[in-house]
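Here we start with a single chain on its own, the form predicted alone, put down as structure tokens.
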């Protein structure tokens, strides 16, 4: 039986009088990739921020690897929240690197603070990941000295350095030109080949179709349609899904 890594039931979220997530339910099993597509403002990023504990849900239930983060909007105790949080990693669309830290320190800082690794252990992990990202010569550089693609690869290395069991990507290529986008998509594709459990919010339709085990289309805070990627991208049933997918083919 496949291990359930994420189980969301009826998640809701409002900012003031604006309800941005309505009754969101889905699940994700170990080693699979879930792609979430939809127009800007559909609630995709908010959903990722709730799962990775950057936002609080108002209602619903969420379990990460069998551990309940909240039930009916009531959260677990702080220590349990921290423990669950260590199971997830998030790569932002805007990199979110510390500008006053070197590349090396951007990757080692959280390792030392969260995982309590020694300086030597954290640096060994960082250099290994930088080599994987073809950035081994950038360890002493600062974010301002890097291209957008390089900064995003550092962001991915930073997330991987904490050994998450589920990795979330929030439109990781939205700030990049086509050539740099290809580099980042190749990195994500290699992680998928290694059976990293991932949730990818993206506007790269062909990439999402090729990499995903399951796909969700969101609009207005609702899951409008979901299914296997071939069905969702090539034979959508909902009129709005059809319009959205077709807009990327024109």
Partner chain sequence: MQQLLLQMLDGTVTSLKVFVLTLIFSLPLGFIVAKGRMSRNFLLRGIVNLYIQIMRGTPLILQLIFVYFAPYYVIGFSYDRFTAVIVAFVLNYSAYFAEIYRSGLQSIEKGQYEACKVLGFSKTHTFFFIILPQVVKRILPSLGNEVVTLVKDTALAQTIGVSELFRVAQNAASRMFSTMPIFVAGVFYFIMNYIVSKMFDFFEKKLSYYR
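Values in this document were obtained by computation on a predicted structure and should not be read as measured data. Numbering follows the first chain given and starts at 1.
Heads up, the form predicted together with its partner chain isn't pictured, but that's what we're talking about next.
**Student:** Within 4.5 Å of its partner chain in the predicted complex: all of 101, 114 and 162, by heavy atom?
**Tutor:** The answer is yes; 101, 114 and 162 each reach its partner chain.
**Student:** Given the stretches 195-203, 178-186, 216-224, 52-60, which is the single one in contact with its partner chain in the predicted complex, using a heavy atom cutoff of 4.5 Å?
**Tutor:** Stretch with heavy atoms near the partner: 52-60.
**Student:** Test of understanding: in the predicted complex, would residue 142 fall inside 4.5 Å of its partner chain by heavy atoms?
**Tutor:** Looking in the predicted complex, residue contacts with its partner chain include residue 142, since a heavy atom lies within 4.5 Å.
**Student:** Can you check whether residue 158 is within 4.5 Å of its partner chain in the predicted complex, heavy atom basis?
**Tutor:** The answer is yes: residue 158 has a heavy atom within 4.5 Å of its partner chain.
**Student:** Hey, in the predicted complex, is residue 76 touching its partner chain, heavy atoms inside 4.5 Å?
**Tutor:** Residue 76: no, not in contact with its partner chain in the predicted complex.
**Student:** Using a 4.5 Å heavy atom cut-off, state whether residue 121 contacts its partner chain in the predicted complex.
**Tutor:** Because no heavy atom of residue 121 falls inside 4.5 Å of its partner chain in the predicted complex, the answer is no.
**Student:** Who in 190-216 is close to its partner chain in the predicted complex, meaning a heavy atom within 4.5 Å?
**Tutor:** Result: empty, none.
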